[in-house]
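Single chain ahead, by itself, as structure tokens, in the form predicted alone.
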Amino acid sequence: MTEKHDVSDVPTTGHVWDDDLADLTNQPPKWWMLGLTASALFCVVYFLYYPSFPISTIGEHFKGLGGWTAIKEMEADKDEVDALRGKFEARLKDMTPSAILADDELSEYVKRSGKVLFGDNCAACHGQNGIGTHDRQGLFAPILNDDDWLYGGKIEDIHASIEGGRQGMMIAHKDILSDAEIDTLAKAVAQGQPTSTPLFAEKGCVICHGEDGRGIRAMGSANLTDKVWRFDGSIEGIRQTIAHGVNSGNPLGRVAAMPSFKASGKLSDAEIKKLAVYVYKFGGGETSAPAEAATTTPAPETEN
């Protein structure tokens, strides 16, 4: 049996606390009831418009009256993106990397769109934003956002590296040099003064690293005077490199190889050019000669 509450003069359900707090029987406001009804109708319409429930008897599902699918939505979004990119991609096709770099609009487009290309194809070795990656032997893949380049940091050099790949080589010296000679050379290199010991010239190190020890870019040989290390820069690490070589076939040697993205067919010519510009714009690339109006891509360098 309900009773009227002496404060609101509205019947209660019988639940009254302390004479001032009661559970009344009055209806919710109209705006609230209209909102509830509209929500219920929305759920019904949504349920019928979009795919919603399986039809177990035929092994299918209700596809919805609107015919919507996630694949259709993705393709529509992709078409929209392709339309926006199309005008840039068409221009990139017949331009050299240096010409792309000289075009502010195109280079800005490549800077933004190249991030996905770099993430999919380069970041696994070189790290996000080209910071390099390390393994137990030191630097696994070179840092790309500094100004130290084994094969040159001009846009043409970077393009040639991505297109043709790189694989340096240093023979193992463990059977050519004595332990004492290897130690002497390792200490001199660690100090950034490889030419301070006569062994550097006497044992033929100048053939690859140059008379001043600054390396020969055509060969991809390291600059031994700048204390920037491709591998482990400790005396013991340098000793290991000298003793066992790089890509020498020695199981204790260093392994350093970059595949050719052109030969593998993994990337198109346009994508390789975009990657070259993207890497250059990390900030560590060297200045190239003024871009010409050429529309052909220069032939890749050959690696000695």
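Quick note: we count residues from 1 along the sequence shown, nothing fancier. From a predicted model like this one, the values you see are computed outputs, not experimental measurements.
This protein has a second form, the form predicted together with ligand HEC, left out of what is shown; the following refers to that one.
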* Asked: V45, I55, A257, A263: which sits within 4.5 Å of ligand HEC in the predicted complex by any heavy atom?
  -> A257
* Asked: So, in the predicted complex, is D103 in contact with ligand HEC at a 4.5 angstroms heavy atom limit?
  -> no
* in the predicted complex, R91 touching ligand HEC (heavy atom, 4.5 Å) -> no
* To do: Decide whether I162 counts as a contact residue for ligand HEC in the predicted complex under a heavy atom distance cut-off of 4.5 Å.
  => yes
* Though only this chain appears here, would R166 touch ligand HEC in the predicted complex if you measure heavy atom gaps against 4.5 Å? -> yes
* Give a yes or no on whether each residue among A99, K115 and K273 has a heavy atom within 4.5 Å of ligand HEC in the predicted complex. => no
* **Which of 121-129, 83-91, 67-75, 105-113 sits within 4.5 Å of ligand HEC in the predicted complex, heavy atom basis** => 121-129
* Structure fact -> When ligand HEC is considered in the predicted complex, the residues of 163-194 having a heavy atom within 4.5 Å of it are R166, Q167, G168, M169, M170, I171, H173, L177, L185, V189
